[in-house]
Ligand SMILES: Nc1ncnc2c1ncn2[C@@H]1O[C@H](COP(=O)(O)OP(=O)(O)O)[C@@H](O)[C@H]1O
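Consider the single chain below, provided in structure tokens and representing the form predicted alone.
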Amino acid sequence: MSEIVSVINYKGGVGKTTLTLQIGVGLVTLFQKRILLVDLDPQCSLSLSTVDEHYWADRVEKQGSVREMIQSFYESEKPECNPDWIIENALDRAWDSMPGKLEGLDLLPGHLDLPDYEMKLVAKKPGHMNAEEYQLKRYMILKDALAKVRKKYDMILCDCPPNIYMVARNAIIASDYFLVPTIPDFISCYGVPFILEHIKAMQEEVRERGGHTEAKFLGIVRNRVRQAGSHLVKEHEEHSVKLRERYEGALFDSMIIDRIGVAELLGSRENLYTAKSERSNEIKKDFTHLVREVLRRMGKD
């Protein structure tokens, strides 16, 4: 049975999608894990960073996506994740007849309509359940749906939207762990305690309603960290110290330095871990340390 990890932060631009994708690719390439990526952000950056954009647009309309998973909440007693919605061997896949570059990395793609479905979950009760059931089960859609496919994978990684609304709440309720990426600067770190508090309050609400949720805080990962020579720039060093003091062991030792080439990872749809270019060596080293620490913190090293 796979474990589910959500990558979440209120702040956009902190690297949620980059970390989700590269952790997934690293787990498959370095540790021969079978991974499912789940794109829950309506910007669909994870989907478009994994598969060809024209293939994605055609595929989600003809076969399905996260949107259909949410819609299934309104159509049946139990939400579903149809295996046909999942794109297998997804990295750099551009058509159905030819697999992508990495066997073992699958994708449940996102959809641009997700904000409309977010509002639907807030305002519209399915006809087959009462109001009390609705207040709980609208948080359990992802958990119930993924139950049918999770035995196929070693880990499922969810790229969350930059909020803690209905879709993000579904991700946390479904998860065994959640990971918070941040840039170590004032504006990016400011929201970290708030999202931790809101997740805690939401979990308590779900438990009070009779639901089961046990997502553990896996930790904080510093991303887009700037260096000056062999040291971090002053602001990033100061906020790293503050994060360490406030969260102690929750702060990952590994971090992703803001190097030339990191920003291009999302657009390249390449496997960083098998790249031969000299420029990629340091980036590869950063992400390899991160993947190993994720496994270690989950007790799987």
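None of these values were measured; they are calculated from a predicted model. Numbers for residues come from their place in the sequence shown, where the first is 1.
If you look for the form predicted in complex with this ligand, you will not find it shown, but the lines that follow are about it.
Asks: With the partner absent here, would 47, 54 and 269 each sit within 4.5 Å of this ligand in the predicted bound form, counting heavy atoms only?
Replies: Checked in the predicted bound form: no contact with this ligand for any of the three.
Asks: Only one of 130 to 138, 168 to 176, 217 to 225, 74 to 82 gets a heavy atom within 4.5 Å of this ligand in the predicted bound form; which is it?
Replies: Going by heavy atoms within 4.5 Å, the stretch is 217 to 225.
Asks: Does this ligand get within 4.5 angstroms of any non-hydrogen atom of residue 259 in the predicted bound form?
Replies: Residue 259 belongs to the contact set for this ligand.
Asks: Does this ligand get within 4.5 angstroms of any non-hydrogen atom of residue 14 in the predicted bound form?
Replies: Yes - in the predicted bound form, heavy atoms of residue 14 and this ligand come within 4.5 Å of each other.
Asks: Given that this ligand is not shown alongside this chain, does residue 263 nevertheless sit within 4.5 Å of it in the predicted bound form, heavy atom to heavy atom?
Replies: Yes.
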